[in-house]
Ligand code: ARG
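Given next, in structure tokens, is a single chain: the form predicted alone.
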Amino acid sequence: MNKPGKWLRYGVLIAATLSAAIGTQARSLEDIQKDGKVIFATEGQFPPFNYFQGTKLSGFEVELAELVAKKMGLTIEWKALGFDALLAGLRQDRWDLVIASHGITDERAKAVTFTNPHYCSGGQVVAMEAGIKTGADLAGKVVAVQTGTTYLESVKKLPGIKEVKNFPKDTDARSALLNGRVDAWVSDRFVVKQALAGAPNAGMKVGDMVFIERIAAAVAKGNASLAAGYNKALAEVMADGSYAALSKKYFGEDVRCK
């Protein structure tokens, strides 16, 4: 005898499994405009770009995203989580955009679509010893970097590195240097600039840049309409003086790519 309830439950289970496997469709710019709200994800642990002041997200990238969203006529719903999970969640369409100091790389571009860059920077060597300044000086040394970053991959390629220790948060990598657990720390040059300004007597010494990169927000792979809408608004923010004012507020200089 047939049992419709049983087969209905099986059908619901199969449909749910397929839905989870396939994932939801990335929202187009038109979908987002109809909703009036765009979902941004960031890390919240990477000052001065994205960090928490108490319970409030702040930082250069957070304020920049707010400016861009305003130009797009949208409000933002923020999500904050570990750096490693950001692009993975974007591929699962859990949010619309990620802005968390991701360097544009060929490998990442296979999985997501990058917008136009919102600043240019690169990895800088920081050590407690004045003699550790260059990439060559890192030979035989233990170096701290953040997990999932381009710094990790770039430092691994330097010849003669004794060990690369990676940490979930960049602030942890810096602490490892200050606590003497590593010989050097490699991070974004503007992060380094703020770290030294915030702790001028800590004894950290700034070395050379070991690589240069362009930093951009990202959308789901192939979401051309959202990328185009974001790029248009970003260009307007860069043209009307608000980008320059925000950049000088955080860095004392205009950090856009030249």
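These numbers come from a predicted model, not from an experiment. Residue positions are given as counts along the sequence shown, with the first one as 1.
One more form of this protein should be noted, the form predicted together with the ligand, which is absent from this view; the next part is about it.
> Where, among 93-101, 127-135, 154-162, 177-185, do residues come within 4.5 Å of the ligand in the predicted complex by heavy atom distance?
Checking each option against the 4.5 Å cut-off leaves 93-101.
> Quick one: from 215, 62, 218, 38, grab the residue that has a heavy atom within 4.5 Å of the ligand in the predicted complex.
Comparing distances to the ligand in the predicted complex, the residue within 4.5 Å is 215.
> Is there a heavy atom of residue 150 lying 4.5 Å or less from a heavy atom of the ligand in the predicted complex?
Yes, residue 150 sits close enough to the ligand in the predicted complex that at least one of its heavy atoms falls within 4.5 Å.
> Find out whether any non-hydrogen atom of residue 46 is located within 4.5 angstroms of the ligand in the predicted complex, and reply yes or no.
Contact check for residue 46: yes, within 4.5 Å of the ligand in the predicted complex.
> Indicate whether residue 115 is a 4.5 Å heavy atom neighbour of the ligand in the predicted complex.
Contact check for residue 115: no, nothing within 4.5 Å of the ligand in the predicted complex.
> I'd like to check something about residue 223: if you look in the predicted complex, is any of its heavy atoms closer than or equal to 4.5 Å to a heavy atom of the ligand?
Flag for residue 223 set to no.
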